[in-house]
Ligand code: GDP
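Presented as structure tokens, the chain that follows is alone, the form predicted alone.
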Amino acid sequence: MGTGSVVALSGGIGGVKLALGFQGICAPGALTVVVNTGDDFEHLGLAISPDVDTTLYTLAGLANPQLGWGRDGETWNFMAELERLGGESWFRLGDKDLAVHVERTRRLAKGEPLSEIIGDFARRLGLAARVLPMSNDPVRTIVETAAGTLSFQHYFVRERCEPAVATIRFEGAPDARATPAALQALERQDLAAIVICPSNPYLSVDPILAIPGWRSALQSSGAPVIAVSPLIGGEAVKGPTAKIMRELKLEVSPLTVARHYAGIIGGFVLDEADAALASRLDVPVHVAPTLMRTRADKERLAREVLDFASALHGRSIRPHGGSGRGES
């Protein structure tokens, strides 16, 4: 009975809940979270990485528990003054959050890779997990909508996901390279599982898979690749996943999500509300309560996912019993 490492692929709020669960049960250094950076953009002259920062703040126990993004105990003096001066205020930057963007922008301008900057931030914040961007190269999610072509943050934040989505593309993905450290994590001899967290498949996971090398790396890994459904009873817990699926003329069902990952995953986790669908899937299925309200929920689901991976792997992997960091 040993402790294995875990690689989790995640977007922002939804996916990082499960990543927090893994951090709570894995030994220090055993968890690598690979984060979508298709949402990154330049705003007010600053390099903003929303999903990365949500991941850092959540795993460090610093996230705003009400909003799910940004810092707890944040102040808004910068935004108040910016609004008074007539500046763009649709994307909210708190005072503590601002320091992260300023420092990241400074270091990127000096030529430091994004992965090294994020790794340093994670160490300074005391994370037990390793956090990596999907690529050090810029990839930008572009949403074609009924209101025209929108960059992701303009669609998601400024327009509040209201325009109907026609297509989604990932600018820069064909020329990007997967982060070397992330690919190395997939080659660890003790790798117990690769988990696609319950993030939006089309906005948060597809940008990762669009980068050359990622699909083949997942397919060639010796560890089970397991996806956790982001849908419960035909609806998303949070975010526009179901809305986007309808607009793309897709059936809003975990079956659609599982088939979207065909050729990559070796197992799929369904919520109890969708247990009747298990027999219709072409991969092994584990049924569990997937709604994560509390830290205990997150760690319980993380344990169930690793137990499922262990069964698929053909050997027993025991998660570390540490309490980790994060919200209570």
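When you see a residue number, it is the position in the sequence shown, counting from 1. All values reported here derive from a predicted model rather than from experimental measurement.
Another form exists, predicted together with this ligand; not displayed. Remarks below refer to it.
The stretch in contact with this ligand in the predicted bound form, judged by heavy atoms within 4.5 Å, is 284-292, chosen from 259-267, 23-31, 284-292, 40-48. Just one of P207, P133, P198, P254 comes within 4.5 Å of this ligand in the predicted bound form, counting any heavy atom, and that one is P198. Only one of the listed residues (A181, A236, L125, L250) places a non-hydrogen atom within 4.5 angstroms of this ligand in the predicted bound form, and that residue is A236. Although the partner is absent here, Q153 lies well away from this ligand in the predicted bound form, with no heavy atom inside 4.5 Å.
Though the partner is left out of this view, A309 does not reach within 4.5 Å of this ligand in the predicted bound form, counting heavy atoms only. Within this chain, A164 is remote from the site of this ligand in the predicted bound form, having no heavy atom within 4.5 Å. Though the partner is left out of this view, L108 does not reach within 4.5 Å of this ligand in the predicted bound form, counting heavy atoms only.
Annotation for 165-184: no interface residues with this ligand in the predicted bound form [heavy atom within 4.5 Å].
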